[in-house]
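There is one chain below, alone, in structure tokens, taken in the form predicted on its own.
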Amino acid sequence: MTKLRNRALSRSIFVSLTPAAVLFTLFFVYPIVTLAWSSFTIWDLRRLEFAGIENYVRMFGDRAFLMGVRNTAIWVGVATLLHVPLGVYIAVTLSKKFVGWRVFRTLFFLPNVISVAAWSMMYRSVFNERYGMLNALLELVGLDQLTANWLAQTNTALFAIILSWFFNIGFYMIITMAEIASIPHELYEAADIDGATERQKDRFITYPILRKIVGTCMVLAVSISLVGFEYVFLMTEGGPANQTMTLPLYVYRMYRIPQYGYSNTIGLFTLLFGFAGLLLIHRGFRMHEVDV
């Protein structure tokens, strides 16, 4: 009887998992295998032939690709080392629930409900050389010498785009605030009895408990940085002189030529680049450990 029950259970599990396994294979495994295979080919509208490591040799000698790697690394660095820490700090501060904290929470998160296209167009007008708000503000305070064509100059374009992506901190703030709300109040009450200050409670209670959610925010930051395409495309299309080129945008550019094999080589590199970053975060924040 026990064997029959085990067989029935095994059969039901197999039947239940089969649809998910089929979908996972079709929409994840198969595309990755195709991506890896085609990265070793010369594939365009006229031919599809095996080329060995030719695409990889070309890739690491391609200045536009190397610029894309640099800029993507900068995007990831800013997102993980600036956006996430600021989002967490603001969340911890707002969790004190001082007068007007709901207003600040709304203001910080509000940009995240605006579409990327609308946000891009807004900031293109802000950085416009002739009628942009930034140059007008600099002229108003007597800093005419600092005005520039922000999105068209090689020394300011990347900085301008990264600066306008600052609103992402609201996304990480909301996630962190949700985690803070789940922390038992008894921990803080015990700390109050022991005479702990607000700073000490944050240092020894709040931040340690937030370790995994901060790691999750880091994972999201890396993922968003590596798939971000519309924003840079609408703002500069990777210019001027590839100074704002990113890996997703370069994959698209090569696809449009079309050079499918080379585009997929860059896509595979982007995938591995992201996987390495996520692995470092997973180990650095000990995401696999169970909190006791």
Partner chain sequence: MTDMRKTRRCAPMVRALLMSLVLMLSIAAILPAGGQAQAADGVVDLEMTTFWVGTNPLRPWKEILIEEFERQYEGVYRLNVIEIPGDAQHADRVLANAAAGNAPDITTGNVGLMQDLRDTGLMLELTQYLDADPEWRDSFHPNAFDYYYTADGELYALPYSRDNVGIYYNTRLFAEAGIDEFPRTWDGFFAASQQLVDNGTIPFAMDNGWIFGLMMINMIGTQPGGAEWLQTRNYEQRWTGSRPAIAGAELLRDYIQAGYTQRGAMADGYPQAATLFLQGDAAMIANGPWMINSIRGIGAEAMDGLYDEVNYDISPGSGIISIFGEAAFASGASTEETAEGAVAFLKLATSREQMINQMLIVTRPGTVPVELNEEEAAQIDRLLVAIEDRAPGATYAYPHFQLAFPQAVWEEFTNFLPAFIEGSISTTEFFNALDDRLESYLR
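Note that the coordinates shown come from a computational prediction; the quantities given were computed from them, not determined experimentally. Numbering follows the first chain given and starts at 1.
There is another form of the same protein, the form predicted in complex with the partner chain; it is not shown, and what comes next is about it.
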Self-check item: Distance check, residue 54 to the partner chain in the model of the complex, heavy atom within 4.5 Å
Solution: yes
Quiz item: Taking heavy atoms and a 4.5 Å cut-off, does residue 260 contact the partner chain in the model of the complex?
Solution: yes
Self-check item: Contact of residue 216 with the partner chain in the model of the complex (heavy atom, 4.5 Å)
Solution: no
Quiz item: Taking heavy atoms only, is residue 50 within 4.5 angstroms of the partner chain in the model of the complex?
Solution: no
Self-check item: Heavy atom within 4.5 Å of the partner chain in the model of the complex - residue from 95, 120, 149, 80
Solution: 149
Quiz item: Heavy atoms within 4.5 Å of the partner chain in the model of the complex: which of the stretches 222 to 230, 237 to 245, 263 to 271, 33 to 41 has them?
Solution: 237 to 245
Quiz item: Taking the partner chain in the model of the complex, which residues along 121 to 142 bring a heavy atom to within 4.5 Å of it?
Solution: 124, 128, 129, 130, 131, 135, 139
